[in-house]
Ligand SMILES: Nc1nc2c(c(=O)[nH]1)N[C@H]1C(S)=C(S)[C@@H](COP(=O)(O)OP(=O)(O)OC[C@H]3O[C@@H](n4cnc5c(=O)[nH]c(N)nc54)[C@H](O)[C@@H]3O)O[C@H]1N2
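In the form predicted alone, a lone chain appears below as C-alpha cells.
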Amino acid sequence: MSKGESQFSTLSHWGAYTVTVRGGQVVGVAPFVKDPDPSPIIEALPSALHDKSRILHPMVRKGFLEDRQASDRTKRGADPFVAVSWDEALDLVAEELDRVQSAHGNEAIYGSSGWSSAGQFHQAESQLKRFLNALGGFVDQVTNFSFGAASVIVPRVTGSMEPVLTPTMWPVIVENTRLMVLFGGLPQKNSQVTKAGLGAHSMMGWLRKARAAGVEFVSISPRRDDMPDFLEAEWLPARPNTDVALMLGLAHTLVAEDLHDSQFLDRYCVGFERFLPYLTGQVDGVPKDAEWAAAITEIDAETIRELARRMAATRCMVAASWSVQRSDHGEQPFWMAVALAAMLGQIGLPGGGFGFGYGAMNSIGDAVSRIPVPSLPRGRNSVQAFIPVARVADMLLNPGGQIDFNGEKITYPDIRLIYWCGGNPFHKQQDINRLLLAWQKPETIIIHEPWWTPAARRADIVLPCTTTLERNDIGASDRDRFFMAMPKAVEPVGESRSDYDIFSGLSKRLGCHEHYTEGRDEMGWLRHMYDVARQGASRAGHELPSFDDFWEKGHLEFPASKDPKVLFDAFRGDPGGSPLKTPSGKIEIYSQTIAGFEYDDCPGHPMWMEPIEWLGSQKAVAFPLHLISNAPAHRLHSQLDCGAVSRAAKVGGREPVWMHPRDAGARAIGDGDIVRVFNGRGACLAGAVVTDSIRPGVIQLATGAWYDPTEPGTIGSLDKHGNPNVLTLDKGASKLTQTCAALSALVEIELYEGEPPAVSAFEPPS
C-alpha cells in the first residue's frame, strides 16, 4: 500500500471485498482473501460511486414543487427537477406524510423496498419499515418476486418453507446423490449473490466435488448454460412453462411400469388416490403419459421414459429453480415436483427427495452454522391491510377492488402516498406501461436513491442516500459463515445522507424521534445490534469477541455445520412423532384445504394447466418467440446498471438479447445487430447475441436494464435500452398465490431499421 492510501473492507450481495482509498477516491478493489471464487461484480459499486448519474442534492419535481395539490401527475418522468436544501426537502416530506395521515389514515400510505444493499443496520427495508411503523404503520406487502408462488404453495403441501430455503445440504448430496434432475438448471450467474451478502462463494466448489464423486446431472431448461460446462449435464431443452407436463410424463411412466413406491405414498402422503385418476386419464380421458408430455414439451417420449427409469433405479434428487414458478400457474411445478419425489419414495433419505432453489443464491444448500445475526428491530405495524407484492399496479388502479389470495378476500386500499426506499419498481413490476398508468394515481411519491434510476426520475421528492462505502455497518447473513465489519471508506458524495439520518430528521418533525432512534446514533446502534447477537450466539454455544475486537479485526468466521441437514429425515424416521405442519401431518399431494377454496385456476392437486402465453398457444402465431426475462449475469437485478461491469456487457450500449441461429437467420439478424423486441404490451431495443446455447423459439433478455423511453412521460413509448418488463404480463399466477408470472410472455423480434436512438438511461434528468 502506497503512502497516503488506506484500505477498507466491506460486504455486498455479490461478495466481500476491500477497497483502497487515496485522497478520498477509490483507487483499487480486491476480493476477500477467504473467497475461493470471487465475483467480478465487486468492481461495480466503486466504478459507479462518482458516476454522473449520482444524485447530488435533494430534488423535487418542478410541477410538484410549484403546486402540490394541482400537480400534473402525468408529467412524472418528463418534468425537470429542482434542487432544494435538506431542511426544505424534509419539511416537504413531513408535511405530505402528516397531510395524508391526517386526512386518510395510515392505510393510505404504501411503503416498499427491495434487496437494497448489504449491511444489517443500513438495510433500507428495515429502516423504512421501522420509520413508518413508528409513524403509525403503512400498507405492507407479502410474498416476493424471488419465490412468491412457492411461499404460498409449499407450506400448504409440506407444512414449511424448508424445501425452499433450507433443503438438503450440499455435503449430503455429494456423498449420497447419484442423479440430480434439475428443472431450471443451476445457473452459475445466480450463485454469485446472496441476500444480505456473503463472505465466500461455495456453490461451484460443491458442484465440482459432486461431479468428482460421480453425481450425474440432467438439466431441463431452454438454456444450455443454465448448467456449468464441467458438470457435463444432459440437456433437455423443453419448451418454457412445460415443466409440469414433463413431470407428469415421468410420473405416468413410474405408475405404468410399477416403479413408484406405494408404501411411501400410503404412509407419508395423503391424496395420491385422488391424483392418480387424473394422471392415468380416468378423469378426462387423457392419460398424461410420455407421448402426451412429448407433444407439449417437445422432449422425445422415449427420453422421458428412460429418465423416469433412471430416477427410480438410483438415489435421485428432484430439484427445481425458483425461476420455474415465476410463471402463469407457477405453483404447479413445485407441487408436482413434490408429488414426483414422493412417488420415487426417497424423501427423507440422504441425497434423495426434492429441494427448491439450488443455485438460486450462493447459500442455498450450504452447510453453515445458524448464528444469530445483528439486526435492526422493525417495530409493529398497526395497519392490517396488505397486498401480494406483484399486485402493486393493480392496487393503484383499483382502489376498493377485491381479489382472492390464499383463501382470503383482499380489498385494495386507496393509496395516496408511496414511500419507496431501497428498490426499483421499474425493475420489479411487470408491464411497465400499465405501471406508468398506475403511477399517476398517488398524490405523492417519495424515493430514496443514490442514482437517477427510472424510479427516481418518476418520483415527486428524491432524497439522495449514501452507499455502503459512505457509512459504517455490519455485514452478516444467517446463510453465510462470516460477520464483516463495514467501516466508512469515503465521505458521502454530494449532499447524500444515510437512510437512518434522513428518517431521524423526519422523525423529529413528526414527533416519533425517540421511538425511532431510541437515543442511538449510527455507531451506537451497531454496538447494540452486535451485543444482542453476541448474547444469542452465546446461548447457542458460540462465544463472540467484543464489538471493539471484531471491528478491529474486520471479520469473524464461523465453522461449517457438523451435521449437514437432510430434508424431512425426522419425518421419515417417525411420521407420527415428527409430523409435518400440514392439516394431515403428511405430504399433501391432494389438499382438501386448497380444493375448498374452489379456485378455477388452482384445483386440489397438481396438474398441467396451459399458461396464458406459451409456444403451444394460439398467441404464438402472431408472437412466435417465448421471452425468458431471467436474472442478469453482470449485476444484481437492476442494481448498478450504471456501473462499469454492467455497461461492459451491453451490446451496442443496450441489453443483450440471446436468440438461436435459426430464429436469427429467419429474420436476417446478425450478431451485434440492434433489434426491436415487441408484443401487444410494448417494445424495446436490444443488442442481438446469436447463440446455440438457447433452444429455437426462445429468446433471453435479462431483467434490470434501466427503463429508458424515447418519449419520457408518454405511456407506450419505445424503450431504447432493453428493459423486458415493457413486454411481460402483469397477471397473478393464480388466485391462490397472486404472484409474478413474468416468464409467461410471447414476443416477436425484427431488425431495427435506421439509426437507433441514443441510450440516455444514465444521463441525469434536466
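Residue numbers here begin at 1 and follow the sequence given. Everything numeric in this text was worked out from a predicted model, so none of it was measured.
We do not show the form predicted in complex with the ligand, though everything after this point is about it.
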item	value
Non-hydrogen atom within 4.5 Å of the ligand in the predicted complex for each of 117, 628 and 742	yes
Contact label in the predicted complex: residue 145 to the ligand, heavy atom within 4.5 Å	yes
Distance check, residue 360 to the ligand in the predicted complex, heavy atom within 4.5 Å	yes
In the predicted complex, residue 353 touching the ligand (heavy atom, 4.5 Å)	no
4.5 Å heavy atom contact, residue 335 and the ligand in the predicted complex	no
Residue (of 654, 329, 448, 458) lying close to the ligand in the predicted complex, criterion heavy atoms within 4.5 Å	448
The unique member of 297, 168, 177, 323 whose heavy atoms fall within 4.5 Å of the ligand in the predicted complex	323
Contact segment among 135 to 143, 270 to 278, 526 to 534, 448 to 456, judged by heavy atoms lying within 4.5 Å of the ligand in the predicted complex	448 to 456
Members of 409 to 438 lying within 4.5 angstroms of the ligand, judged by heavy atom, in the predicted complex	421, 422, 423, 424, 427, 428, 430
